[in-house]
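In the block that follows, a single chain appears as structure tokens, in the form predicted on its own.
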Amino acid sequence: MSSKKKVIIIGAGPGGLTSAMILAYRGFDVTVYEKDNKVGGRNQEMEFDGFKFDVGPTFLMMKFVLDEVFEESGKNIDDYLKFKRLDPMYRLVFDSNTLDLSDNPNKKKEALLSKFGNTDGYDKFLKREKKRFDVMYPCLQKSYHRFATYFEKELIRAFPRLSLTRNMFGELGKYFKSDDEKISFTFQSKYLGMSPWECPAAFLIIPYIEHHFGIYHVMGGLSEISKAMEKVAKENGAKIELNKPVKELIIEKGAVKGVVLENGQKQLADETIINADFAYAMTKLAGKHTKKYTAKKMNKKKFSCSTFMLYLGLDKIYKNVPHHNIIFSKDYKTYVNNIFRKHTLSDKDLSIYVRNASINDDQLAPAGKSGLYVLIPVPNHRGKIDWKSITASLRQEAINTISNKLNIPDLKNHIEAEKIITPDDWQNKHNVYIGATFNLAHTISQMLYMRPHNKFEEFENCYLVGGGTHPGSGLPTIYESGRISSNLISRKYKVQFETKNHYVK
């Protein structure tokens, strides 16, 4: 470039930080405006009373994507972060059955054989879903801001394997007979904030990815990824402005010219990247300028569930509890249908995710102590639930369920510190539209070209990253959104770059 083009990024979440470090490395003048006093968004850390928790994501899949975006920023990820591949991957707790799934393929098959009587279905699952992943993965790396992308060879090749008329649970009937075994390979739909009875079957690539590539923990917590990205972005020349919330976009003649900060300052740029929650950005930052994504039209779209979060600081370590644990309610289908269709909560029959990371990572709590991260899928604000009135009872029911299902009956006696996040907090403190933690739902009608575009379709000089755009929610896909938008901007200004892709089939 004859002169540096200025890029403003709204929000220092994983997508915004990915774009910041890549674009700064390629010679752009990058400034990130973040409303909080730290980077990360929902991928930041929470610290209190000597305990450290990840606020949001705790699973790292497709680590190779993270490796690649660091390499495309001129860095080696191992100079910034330390990883541990988890074994077992997780414990699944059903009403009358418990399954520990090892990262070791032979031990995994032994466990499935012991619990469900055969492994033929598992072998078929791996073989067929590998073929689906191999053709779908290149499609996830494309931008769908042009309808013509549908006619490119990668998507044409993938189309027969998308199973567009089937859901995850139904598709697994091709492999497994037991409902519990099917659920063992569909609970991953919660990463998308969706029911496995509604989530498109194409997303079976997620459990395949876990079983094939493994699940990783980042030492110090997954929030360390965002802090490492901040460091890389700054080393590459980007400016990260904390405590600088954006009030609105500056839009003239259908093009974004920059932003107005809450303090009244106007900041102009050649390109603007929005990493704020998409629906929040449209209803609050774009305001009267948007015609396609007004508040009225947003109200008609489908959104993910929300989450009720407990962060429990304990004065002991439960070494008998694995790193990741998923507890299924007795009537799991009714539980998830209540959340997604009726927007109600079965508060006496909970499904709960529990992370006990201190068994593998001593950086998260004082010596001899530990932190339990607890996530309960709950309705977003389209459900008329008074969270203030039920928080105490829901907390107690969650602790009782965890105590019983994970065989730690003395749990309540060892809680010495705690924090709670409800859907009210997600909406009011974290600017998450209707508290929908996983953003827009990943329905067929809200995927690919039908999802808000990386090169935003309504305004010029405007790009989107994060869970509300393509490829969707979840850390690896959010990193991909940051890379896609960075590549689109680079191509616009004819900046040469090399895309790293080390995935080997």
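Since the model is a prediction, treat every value here as computed from it, not as a measurement. Sequential numbering from 1, following the sequence displayed.
Just so it is clear, the following notes concern the form predicted in complex with a small molecule, a form of the same protein that is not shown.
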| item | value |
| --- | --- |
| Output flag, F59, L475 and I478 jointly within 4.5 Å of the small molecule in the predicted complex, heavy atom basis | yes |
| The small molecule contact in the predicted complex: W426, any heavy atom under 4.5 Å | yes |
| The small molecule contact at A12 in the predicted complex, heavy atom, 4.5 Å | yes |
| Heavy atom of S195 within 4.5 Å of the small molecule in the predicted complex | no |
| V55, heavy atom within 4.5 angstroms of the small molecule in the predicted complex | yes |
| One stretch from 409 to 417, 335 to 343, 270 to 278, 86 to 94 that, in the predicted complex, holds residues within 4.5 Å of the small molecule by heavy atom | 270 to 278 |
| Candidate from E45, E458, D29, D36 lying within 4.5 Å of the small molecule in the predicted complex - any heavy atom | D36 |
| Listed residue that, although the small molecule is not shown, lies within 4.5 Å of it in the predicted complex (heavy atoms), from G173, G214, P245, P138 | P245 |
